[in-house]
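Form predicted on its own, single chain, as structure tokens, below.
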Amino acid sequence: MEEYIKIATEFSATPGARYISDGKHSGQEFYETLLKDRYETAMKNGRKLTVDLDGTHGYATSFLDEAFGRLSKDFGAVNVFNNIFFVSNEEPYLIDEIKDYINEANNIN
């Protein structure tokens, strides 16, 4: 079984800002309640985690930075790049933005 997250249906169609204190559906909440556990499960099972970004009403840059930058800080950019795959047919540029946040979290330019 593939490890997969569709943010729009499993988390929220309206992702919020960076921190839980900023309001509903924050990047921090996404990381703590869904992303981290699914990522760890995928790694434990020798699978990649697919994150589907489509179907939302958009993303705040702070949401993406908090969720995926924090994943990178906790697990390392190389591990994240080797174990995660992003789908974004609606806004493909988001994938490059997320990759930048993963690199920046580890001071990789």
Partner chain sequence: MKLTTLIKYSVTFFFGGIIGFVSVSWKYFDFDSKIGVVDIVNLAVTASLGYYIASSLQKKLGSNRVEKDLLIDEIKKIKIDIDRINAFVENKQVPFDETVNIFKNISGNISSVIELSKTCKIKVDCGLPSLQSKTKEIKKLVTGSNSQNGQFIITNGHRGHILRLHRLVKSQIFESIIAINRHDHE
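Numbering follows the first chain given and starts at 1. The shown structure was predicted, so the numbers you read here are calculated from the model rather than taken from an experiment.
We do not show the form predicted in complex with its partner chain, though everything after this point is about it.
Heavy atoms of every residue among S62, E91 and E104 are located within 4.5 Å of its partner chain in the model of the complex. Using a 4.5 angstroms limit between non-hydrogen atoms, E97 touches its partner chain in the model of the complex. Although the partner is absent here, T56 sits close enough that one of its heavy atoms falls within 4.5 Å of its partner chain in the model of the complex. In the model of the complex, P15, G16, A17, R18, D22 are the residues of 10 to 46 with at least one heavy atom within 4.5 Å of its partner chain, listed from first to last.
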